[in-house]
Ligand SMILES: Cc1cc2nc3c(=O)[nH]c(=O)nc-3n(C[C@H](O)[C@H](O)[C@H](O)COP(=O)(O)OP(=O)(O)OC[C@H]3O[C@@H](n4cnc5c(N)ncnc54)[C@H](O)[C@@H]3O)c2cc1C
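Presented below, as structure tokens, is a lone chain in the form predicted alone.
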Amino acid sequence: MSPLQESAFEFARRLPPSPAPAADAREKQRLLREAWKACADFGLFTMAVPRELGGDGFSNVEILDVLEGLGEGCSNDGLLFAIGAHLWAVIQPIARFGTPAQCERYLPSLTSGEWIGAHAKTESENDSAAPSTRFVEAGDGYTIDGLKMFVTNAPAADLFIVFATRDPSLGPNGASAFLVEAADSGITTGRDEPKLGLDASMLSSVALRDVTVARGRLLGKVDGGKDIFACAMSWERLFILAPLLGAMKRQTLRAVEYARQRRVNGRPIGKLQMVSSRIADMYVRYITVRALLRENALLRDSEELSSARVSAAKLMLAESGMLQHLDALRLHGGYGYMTEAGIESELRGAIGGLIYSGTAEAQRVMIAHELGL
């Protein structure tokens, strides 16, 4: 374990546990903001920001070390997921595409833990790459109208990156990105939606009705939203599941310890070949995915990482992480099925990895496309 990974592991052990699935939205938001400030104080929100913008400028391998340590030390997967959405889909696009004035205005609040960010792209009934949310020029700014769905962090967010188009017939090439503040007139969020897992994260719809923003709130250029979305996804698909890598390690070590202690007919169950083989599979999964992610991080540092490799890692980690938690539950038998063991909560969260930041099926399509199929 590297010093960075060990430091993140020790910090993560002090983070709050996941709230109950039925927790009140106000209580979830309170807990989220408390954890947010602690994460900011630890330096989590500045690690991927370039030094010239006031960040730490960590390499991608160093970032991966931190995220693996977080996942190993903290079982609150919903909190780690919410942090990932803030880091990769909000902070990174602003750091990469924001004007000096935008970076000065928003990055300090986003990295200090004062503000929570949300990425508002998904809509209900259209090609996800081509928004139907509209914007028109209005005096010295723009007016935005539309409805976004499944926006992570939305109920607690202070800032949204909203994608809209001046003409839906332009398709994905006509998307533009805007910085919309929660305090702006005309923006409202829906209720915190119940989910299968990731209980600490908050998610809702975002409605925009005649929301007027100044020209200085356009992120990038008009019709430049496609590049901003691609930037967010390249970071998110590489790193948002990285804490799951740490969870895979934790579940493997926990399974080994349980198999040594749990006895049947006077013998540790780890002596049973079916049990030991399952744990061996868990270990192989962990080291295989870890090797792929670390290689991708090295390639990203040298600017040689292909989008197919990013999709491959996201796909492999999502499917391996779900299997890892399912195996952990099976190894623990009836106890693993009980809520108090905590395994079922993490299994529910791991299932989400097959869907968010592009489904497993979408990753396969992107891989095949880059291979020329």
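Predicted, not measured: the structure shown is a model, and the values here were computed from it. Residue numbers here begin at 1 and follow the sequence given.
This next part talks about the form predicted together with the ligand, which is not shown.
Practice task
Pick the stretch from 178-186, 212-220, 135-143, 198-206 whose residues have a heavy atom within 4.5 Å of the ligand in the model of the complex.
Solution key: Only one stretch qualifies here: 198-206.
Problem - Exercise: Ile279 in contact with the ligand in the model of the complex, heavy atom 4.5 Å - result: Contact with the ligand, no.
Practice task
Please check if Glu361 has a heavy atom lying within 4.5 Å of any heavy atom of the ligand in the model of the complex.
Solution key: Although the ligand is absent here, Glu361 would touch it in the model of the complex, with heavy atoms inside 4.5 Å.
Practice task
Report whether the minimum heavy atom distance between Tyr286 and the ligand in the model of the complex is within 4.5 Å.
Solution key: No.
Handout entry: Any non-hydrogen atom of Ser234 within 4.5 angstroms of the ligand in the model of the complex
Key = Heavy-atom contact with the ligand at 4.5 Å: absent for Ser234.
Practice task
Check each of Leu79, Met248, Ala120, Ala164 and return the one that places a heavy atom within 4.5 angstroms of the ligand in the model of the complex.
Solution key: Exactly one listed residue reaches within 4.5 Å, namely Ala120.
Practice task
Report the residue, out of Ala157, Val151, Ile83, Ala95, that has at least one non-hydrogen atom within 4.5 angstroms of the ligand in the model of the complex.
Solution key: Result of the distance check: Val151.
Problem - Contact set, 327-359 vs the ligand in the model of the complex - heavy atom within 4.5 angstroms - result: Those in contact are Ile355, Tyr356, Ser357, Gly358, Thr359.
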